[in-house]
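Next up is one chain by itself, shown in structure tokens, the form predicted alone.
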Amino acid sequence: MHNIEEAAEFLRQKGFGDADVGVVMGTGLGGFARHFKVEKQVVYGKIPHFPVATMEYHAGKLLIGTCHGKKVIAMQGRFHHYEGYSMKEVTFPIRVMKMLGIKHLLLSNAAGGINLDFKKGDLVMLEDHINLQTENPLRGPNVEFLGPRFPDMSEPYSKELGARLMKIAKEQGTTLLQGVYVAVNGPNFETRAEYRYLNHLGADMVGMSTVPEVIVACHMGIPVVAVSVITDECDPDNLHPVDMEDLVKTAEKADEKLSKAFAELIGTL
């Protein structure tokens, strides 16, 4: 708790206080910064106790600015368990943003499409998730100030925010699908047998992030909406090696549509 407070106080002194909304921009999804007026920014390495992004596709900056009259903190790049960080470190920024005032959390990620109806470039809003990651960010002594020992997960994704986002996407002419996201440790991509297994579990897409952040947000009572960009099609009967450059380019192409929808959603909060 001390580390969270210290990081939050450092950021308050930099002008990051009294925020309304938190946004996490995933792989290839950094374009949201074009949709709000950035007032301050700081690299993660300068913030006390913050991890440092090691992924080359993640900028590693925390931004604050205004979007449709709301004060927004945006993470350009997130942290992953496969980078060697604990789940507490992965979710540390969400804790800090809560201390800085955020009341809603918008998440994005790149994911593989297990549902064969999903195609590269599709946007899919998470309606639920399956957590197959081997560490939980709530493991260890509970801090009652942050949330309860056993937080409810019957509705991890806000139906109200989801309905608003679906309406906005439709108005903007953007197709927004819905599906179940499964989180795995990574960093390797899955085998044919693993894709079949995940499909049988009921997953529509697979990724290596987001779920720890959602768990922590639910623990603290923050409503969440999350969207995946389908960057590769995971057909076990027609599987090809994943080209990371192609994956990022696919995410970048979908970025503008998602960023525009997120910005409009913030205006309704």
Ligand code: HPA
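Residues carry their position along the shown sequence, with the first being 1. All values reported here derive from a predicted model rather than from experimental measurement.
As for the form predicted together with this ligand, it is not shown, yet the points below apply to it.
Q: Can Thr231 be called a contact residue for this ligand in the predicted complex at 4.5 Å between heavy atoms?
A: Close contact exists here: in the predicted complex, Thr231 approaches this ligand to within 4.5 Å, heavy atoms only.
Q: So in the predicted complex, does Tyr195 come within 4.5 Å of this ligand, heavy atom to heavy atom?
A: Flag for Tyr195 set to yes.
Q: Taking this ligand as it sits in the predicted complex, is Met208 near enough to touch it, meaning that at least one heavy atom pair lies within 4.5 angstroms?
A: Heavy-atom contact with this ligand at 4.5 Å: present for Met208.
Q: Does any heavy atom of Ala110 come within 4.5 Å of a heavy atom of this ligand in the predicted complex?
A: Flag for Ala110 set to yes.
Q: Which is the contacting stretch out of 149-157, 182-190, 169-177, 128-136, given heavy atoms within 4.5 Å of this ligand in the predicted complex?
A: One stretch meets the cut-off, namely 182-190.
Q: Sequence order please: the residues of 114-133 with a heavy atom within 4.5 Å of this ligand in the predicted complex.
A: Not one residue comes within 4.5 Å of the partner.
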